[in-house]
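Just one chain is shown here, as structure tokens, and it is the form predicted alone.
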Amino acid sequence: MGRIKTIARRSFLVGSAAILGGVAFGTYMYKREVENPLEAGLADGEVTFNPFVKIDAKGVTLITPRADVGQGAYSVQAHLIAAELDVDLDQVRIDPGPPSAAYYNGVVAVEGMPIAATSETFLARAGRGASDVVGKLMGLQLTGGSSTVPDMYDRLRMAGAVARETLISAAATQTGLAVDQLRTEKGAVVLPDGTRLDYVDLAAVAVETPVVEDVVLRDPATWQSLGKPHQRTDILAKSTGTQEYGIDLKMDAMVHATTRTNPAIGGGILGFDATEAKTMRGVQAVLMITGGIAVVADNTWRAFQAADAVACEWGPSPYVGDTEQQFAAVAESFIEERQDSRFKDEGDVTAALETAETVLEAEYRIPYLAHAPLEPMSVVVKLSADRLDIWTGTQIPRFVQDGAAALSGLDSEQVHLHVLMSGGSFGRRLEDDYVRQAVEIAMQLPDTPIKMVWTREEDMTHDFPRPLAMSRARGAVADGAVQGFDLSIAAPSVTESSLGRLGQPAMGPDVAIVAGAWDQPFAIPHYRVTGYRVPAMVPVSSWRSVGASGNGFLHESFMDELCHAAGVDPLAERLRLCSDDLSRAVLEEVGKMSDWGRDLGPKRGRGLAFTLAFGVPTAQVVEVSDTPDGIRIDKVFVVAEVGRVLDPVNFEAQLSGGVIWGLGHAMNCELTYEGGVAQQDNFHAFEAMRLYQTPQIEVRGLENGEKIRGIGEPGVPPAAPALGNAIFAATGQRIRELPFSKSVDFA
């Protein structure tokens, strides 16, 4: 519990770092109050207490500004507010709200800093506090990095508590009773005689009531829903097929559009012939846009067909365009001039490797991967002389707003972004390229609502993928122990590529190149992790669990190799080396769950992997069988430490989903290029794990830590190495390149 001040009706000052006791940055800009965006356009009788709660004659609205891309973000945000406000979620409206600096993310920037999650030094705490400063000063409204819960945990509960106490104050004013005689229950203030004053009916009084600035957050022991299994707010709609996503939006007089841009990334268009397309049924226009063409028709299917009928003359891609050439460029980057970071350098690695009895060397490769959300990119736009409306699912609403404003020549305040439910993202909706295309179309067709939808092929081949990477590792073992670990990773910079497209600078080393590798909690005597930045090739971006998604494979596969070379048990050796109590508990628990050490019998194997990513220590054990039809994944055990599990059902779903996502891509997926053109353009060539291949997954969450963590991404990094280590245990075959299907078949 905590006594919180500084929340006012028109402002919302407190950020997460301040709440949690982080370093205070006393600059004027940081302390300056953030305007409550809900104030704009309030009607008579409507009241807002802060940027997260609004009440009008129709009911209560909870603002959930972090994007829901399938991870249940709307639901958990609503539950956090409701836990303090005392409302049932089936009685309220949930709205993502407008783009606003009030909804800045004060946590996500930490992932871009070289701060180990286990570090509590002054500099580490200062760095985390600086993340809140950066988020606030930039007005960084962004969903990503598993930051929704850790960033909003206190802010949303405070928002609910402030609204609750102000409504009680309003009821006291209306009834003449003392505040301490009143309580709240299910959307009403309850008087001593049991009379209920609904929040909606108190709104008119609350408008004139000073906002209560001192609030006491409820003891989690009194929570009715949080911490217990509960339904996600979208579960009924998603279970019955009635959920409306961005692609489902319709409006009167709407026309339909699609685009084709050069399949050779960045090659541009030299010219086109639309003679045939213009004669096709329903086609209304064929337009030039940046890098390609757009077709406008009376429905999406006809737009797709007509776009295919346009004869385009494309330019060559300016990038390194063939996969083997791309890997060659990566291989050439392990040189001093391209060293980007060395955040981990303990002991004397060079000497240890020179004098060790046994030295291992290994090279690993991971491929480009597409995001491939089930709902391809789509957006509805309408541009008039002084207003642009945009409806879409996005993780970066303020960047979308600013980008559209710059393109259309309007001020940002004239761009009205309506955020919609997304059918998946995995990082894809951190980009605004598709919105910019739609705005270009709207600039040529003003005063017309235009729904722009990409084909699956356009979506996958114009993705900004997870970058390919290579590692070169050397390790020393002696006396039955891992003594030296020297891991070098070379990859293009996600940060440089992504921020560049958003018009933002990327300064300093890119932590993503070595994330999930340099910051692992192992006290190896001689331990070094070095990052090398590969010159930019195909533009890349964040993919679920970002750098750790591949680095978990690079680090934990080689760790397994060293353990076997040392002749020690992989779990026992990790426990011996572990330098963090929370991580050790995770490893011990996964060992108990999986009955580690039990003989599985012939042609079966068990692999262990551990990755600390996004502050969450996560361990997985994968069990496989070597069958006549190939490798069958039998069972997976997962343990993660998150400080507090807010929803056990969604916690299990997120971790299980992360495992399936990680295993499926490790088994089958890669994005290869020829002449700058992605060779995989749909799911038939980018195959996820099949339903019959899905193993039993047993999940357990630990709550030993003081910090609450997010769980959307940490389930991914250990999956691939745990599978690779299991295949080695079952077959003796060590696979050092993803996807595994290049080397083995899967049953």
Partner chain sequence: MRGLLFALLIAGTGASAQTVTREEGLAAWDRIYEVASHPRCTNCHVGAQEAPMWQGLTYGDSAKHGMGVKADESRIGAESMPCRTCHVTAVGRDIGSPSAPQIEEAWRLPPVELDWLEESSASLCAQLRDPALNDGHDIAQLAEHLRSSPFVAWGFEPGAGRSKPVGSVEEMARDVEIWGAAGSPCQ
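Note that the coordinates shown come from a computational prediction; the quantities given were computed from them, not determined experimentally. Positions refer to the first chain, counted from 1.
Omitted from view is the form predicted in complex with its partner chain, to which the following refers.
Peer 1: Which of these residues, E698, E39, D56, E687, gets a heavy atom within 4.5 Å of its partner chain in the model of the complex?
Peer 2: The residue from E698, E39, D56, E687 that makes the contact is E687.
Peer 1: Hey, of 707-715, 46-54, 690-698, 59-67, which bit sits against its partner chain in the model of the complex at 4.5 Å between non-hydrogen atoms?
Peer 2: Selected stretch: 690-698.
Peer 1: Within 4.5 Å, heavy atoms only: does F740 come near its partner chain in the model of the complex?
Peer 2: No, no contact at 4.5 Å.
Peer 1: Looking at the partner-bound form in the model of the complex, is D479 within 4.5 Å of its partner chain by any heavy atom?
Peer 2: No - in the model of the complex, heavy atoms of D479 and its partner chain never come within 4.5 Å of each other.
Peer 1: Do D599 and its partner chain come within 4.5 Å of each other in the model of the complex, heavy atoms counted?
Peer 2: No.
Peer 1: Consider D629 of the chain shown here, and say whether it contacts its partner chain in the model of the complex, taking contact as heavy atoms within 4.5 Å.
Peer 2: So D629 counts as contacting its partner chain.
Peer 1: For the heavy atom contacts within 4.5 Å of its partner chain in the model of the complex, list the residues of 720-747 involved, in sequence order.
Peer 2: Residues within 4.5 Å: D745, F746, A747.
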